[in-house]
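Take a look at this one chain, the form predicted on its own, written out in structure tokens.
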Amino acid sequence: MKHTLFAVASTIAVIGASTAQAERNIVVGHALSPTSHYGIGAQAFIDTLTELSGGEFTGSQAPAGQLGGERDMIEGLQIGSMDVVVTSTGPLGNFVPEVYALDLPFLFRDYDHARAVLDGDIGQELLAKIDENQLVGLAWSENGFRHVTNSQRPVRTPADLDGLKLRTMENRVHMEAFSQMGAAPTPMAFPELFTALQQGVVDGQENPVTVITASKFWEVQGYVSLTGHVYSPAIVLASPILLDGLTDEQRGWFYEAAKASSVATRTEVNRLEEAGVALLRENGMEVITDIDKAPFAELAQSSYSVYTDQYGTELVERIQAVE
């Protein structure tokens, strides 16, 4: 009897050990809070992956830049120290320059136009280009249209930007555009931004309503101008080192999880576009809506050369032509 019990116990232990070994925790890194649109998208990725894999893969978030800035996390994917990252496309251009086209100011007409581009042939071609650069582009996600906030004054015209120290992403197109519009662009990683605003290292920043609300920038900024100067996609990226070690079926789970993440994120962006501006006002920010975008767009047009001088105008013209 003792031998039988021992055998049963040993069998259970082996099964338990095998199960524990089979389960793999996938860490999803991003720069915002767990309750942000990124956090909601990351959780949708985790839940879907866990469900599709029957628990073979589980997941956890590393939010709020816990594992570094977006560029740091992208580099981590390339060397295999990161699993999955939800990131803006700003820093991605440093790795896949063709993506810079998406950051050109006043390129996208509205959300329908932007989503049609990313969900269509152009978006798929760019994902394939990402895959050629030691990264895996799983799915396009979203931040939204970017707006300017600052602590000094309302911004209604380019003249109001004159001399403002404005944090931008580490993105040459954005920096050139804001230089031409009169600001003093100051690139820095997102995790450093709140403290920099608090200490007056920079006067302002530019981000979608989704990020402004998630970061509670009303605590350090008094004005938000709804300039809508750039549409900001996001993307779900994976490490090729991780995916290369999986079966075709397992890789399929990751792509499906990324699609679910994108849907959840866009749904939250839609919600915040309606509710977020009211939230900013409730928390004391002055919201400037009477903005003539034409002068901003005219000045920013010269920043297109950062992209077109090297890669030509074909992709830009194709994006503009999408209905």
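Since the structure is predicted, the reported quantities are computational estimates derived from the model, not experimental observations. Start at 1 and count along the sequence shown; that's the residue number.
In what follows, reference is made to the form predicted in complex with a small molecule, a form of this protein that is not presented.
Partner contacts here mean any heavy atom within 4.5 Å of the small molecule in the predicted complex, and among 195-203, 243-251, 166-174, 129-137 they occur only in 166-174. Taking a 4.5 Å heavy atom cutoff to the small molecule in the predicted complex, the contact residue among 269, 32, 46, 258 is 32. 88 is the sole member of 88, 221, 227, 239 with a non-hydrogen atom within 4.5 Å of the small molecule in the predicted complex. For the marked spot (38, 207 and 211), a heavy atom within 4.5 Å of the small molecule in the predicted complex is present in each of the three residues. Contact check for residue 231: every heavy atom lies farther than 4.5 Å from the small molecule in the predicted complex. Within 4.5 Å of some heavy atom of the small molecule in the predicted complex lies at least one heavy atom of residue 143. At a distance threshold of 4.5 angstroms between non-hydrogen atoms, residue 190 is in contact with the small molecule in the predicted complex.
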